[in-house]
Each structure stands twice: as C-alpha cells, then as structure tokens.
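Shown next as structure tokens: one chain only, the form predicted on its own.
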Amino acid sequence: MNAQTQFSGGFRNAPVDASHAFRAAMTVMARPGEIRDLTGAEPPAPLSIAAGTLLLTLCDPETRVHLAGEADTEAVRKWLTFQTGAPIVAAAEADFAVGRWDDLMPLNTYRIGTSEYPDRSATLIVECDALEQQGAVLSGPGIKEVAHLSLPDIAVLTGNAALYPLGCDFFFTSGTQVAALPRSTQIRAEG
C-alpha cells in the first residue's frame, strides 16, 4: 500500500458527504429491512464502499473498531486510522466490528451493554455478497406490518433479539448498499 492510497479514499466534501451518509445509516436503522445506497468513501479492498462510508461516518478517535478476518489488512488499518483516528481493538472491546459473518462469529464475543447502559454494546457491520428484501420476516419498531431481508443466520440473530434491551445492532453492507437490523427487531423464518 502506498502513501497515496492511505491518504485518499475519504469524503471529497466531508460535511455534505458525511451528513448524507449519516442520514442513510439512521434511516435504515429506523426502518429495518429497507435497503439504501450508501456512498462517499473509497476504502481499500476488501471493504465495500458502503462499509467504508459507514466507518468514516460513525467512527472517530474515541470509537474502537475491530477488523475481522479478511477485513483486517494493513491497507484497511492504515486507511481507517488516517481517515478517522479510530483505534483498532480486539472484538471484546469494540464499539464497531466489520467483516464477513463467519469472521465476526461468535456473537457472544461482543459487548451487549448492561441493564444500566444498554447503549454500550457493539454494532457489527456485516459484509454480504448481496442484500435482498426477501428471506427472514421482520417485525417491530419502524416496520408498518412486516419487512423482509436476506440474513446470514436467523437463529443467531433471533437469539440476539431475545436479549433486548441488550444485544448487538447490525448493519449489512454489499457494494454500495446498506440495510440494518436493530436489536429491537423480531425475526422469524419466511414461510
């Protein structure tokens, strides 16, 4: 990785790009199952544009990030550190973790909050091959009747939802797309 790659790939117009990205991220978290485009960053491989944009939008020098599996490269570490100042940490200490589903497991590695501070939990950014509004049936806050979303492991995510108000929150990314699954969402298999 050359220095030019490390220093490039951030927001071109940071205030505008960050505000658009933040709005998209908060919209999908408020409306589980909805898929939105999320662009602005050009992170090094293997991070998707959506995952890189989320990291630039949500991380700063006080936000601890865990890079799982193939996401943990020297290029990603240098890019993230330069662009956000976020420290790279072990999974158990992370505010955010990014990687493919299998690389992020087991879920019980991450903080789920406490009864006094349920917000002190980890948010996982799960890199997916594709996002589709089919598969698992979602219900709960932010969903009028039901929504559908392709999820990597319904059983594990249902177990996480059962911990509510504790548990992890999730963003799912693929290319330039993002969807979210807050811990308050109820999940069941389709059919």
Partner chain sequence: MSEYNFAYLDEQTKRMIRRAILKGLAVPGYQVPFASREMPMPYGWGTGGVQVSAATLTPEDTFKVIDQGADDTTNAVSIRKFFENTAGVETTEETEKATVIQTRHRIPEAKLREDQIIVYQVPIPEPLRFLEPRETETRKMHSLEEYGLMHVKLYEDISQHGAISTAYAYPVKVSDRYVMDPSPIPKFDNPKLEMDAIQLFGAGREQRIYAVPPHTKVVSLDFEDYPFEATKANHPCDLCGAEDSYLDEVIMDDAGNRMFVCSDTDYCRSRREAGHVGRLAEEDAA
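Numbering follows the first chain given and starts at 1. All values derive from a computational prediction rather than experimental measurement.
FYI, the form predicted in complex with the partner chain isn't displayed, but the following is about it.
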* Structure fact -> In this chain shown alone, the residue from Ala45, Val156, Ala162, Ala30 with a heavy atom within 4.5 Å of the partner chain in the predicted bound form is Ala30
* To do: Using heavy atoms only and a 4.5 Å cut-off, determine which of Val126, Leu67, Leu56, Leu138 is in contact with the partner chain in the predicted bound form.
  => Leu56
* Ser8: touches the partner chain in the predicted bound form, heavy atom cutoff 4.5 angstroms -> no
* Would you please decide whether Phe171 lies within 4.5 angstroms of the partner chain in the predicted bound form, comparing each non-hydrogen atom pair? => yes
* Contact test in the predicted bound form: Leu131 vs the partner chain, heavy atoms, 4.5 Å -> no
* Asked: Is Ala122 a contact residue for the partner chain in the predicted bound form, using a 4.5 Å heavy atom cut-off?
  -> yes
* Candidate spot Pro106, Thr109 and Leu151, all three in 4.5 Å heavy atom range of the partner chain in the predicted bound form? -> no
* Can you name the residues of 94 to 118 that have a non-hydrogen atom within 4.5 angstroms of the partner chain in the predicted bound form? -> Phe96, Ser115, Glu116, Tyr117, Pro118
